[in-house]
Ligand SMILES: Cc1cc2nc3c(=O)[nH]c(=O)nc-3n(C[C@H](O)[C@H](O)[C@H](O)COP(=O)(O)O)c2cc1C
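Shown here is one chain on its own, the form predicted on its own, set out as structure tokens.
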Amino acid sequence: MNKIKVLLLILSNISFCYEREILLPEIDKNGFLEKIIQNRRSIRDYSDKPISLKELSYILWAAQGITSKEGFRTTPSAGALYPVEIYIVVNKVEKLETGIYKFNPQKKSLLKISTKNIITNIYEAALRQDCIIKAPAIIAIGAVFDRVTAKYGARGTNYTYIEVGCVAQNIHLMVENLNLGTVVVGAFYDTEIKKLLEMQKNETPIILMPIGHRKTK
């Protein structure tokens, strides 16, 4: 078979595939949730304005808030094992001291770990990304893989990463709803971040999300 015949065969197969393509109905983007999803963007530049404790509360609820008497949360979790742990590095949050905190979903509270100002240290450990040093607060999403792998084996690692992705998207959408800005940061030195946050031995940092008011041009 010569090259021309091969090319024609390939083109005919492509054409056949496209003939089976089905166009979907148009989306009405005027609804509340549709607008939030439409407008969601990664924002890396923040103003000096502090975020409020109430805004932080909404964001943490979106990340891991409990939504039922059974203890189910705002994000899906394999086997409802909830391996995610949320840390907050506070720089400029109204009514909160500068320092490191950990979110307790059961009590809807923050556990104060330290009053150290580690923003500059986080900045260095995250490869000097400007969005880190400018942020009034940084949410660090960590995970305890053993909680899931103990039941699901190696597959539990995948399930944990899936859950972290769901948490990050919930944070993104709530931040957009509050007219704030955030971005997912995955480039950092794991060991350094873990040490700075004073994480438990079985906890692994996975994502950093700086949060602040969008800087207007």
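Don't overthink the numbering: it's just position in the shown sequence, from 1. Computed from a predicted model, the values in this text were never measured in an experiment.
Beyond the structure shown, there is the form predicted together with the ligand, which is absent from this document and is the topic of what follows.
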Which one, 61 to 69, 149 to 157, 41 to 49, 26 to 34, holds residues whose non-hydrogen atoms are within 4.5 Å of the ligand in the predicted complex? 41 to 49
In the predicted complex, does Q129 come within 4.5 Å of the ligand, counting heavy atoms only? yes
Can you work out whether V183 and the ligand are in contact in the predicted complex, taking contact to mean some heavy atom pair no more than 4.5 Å apart? yes
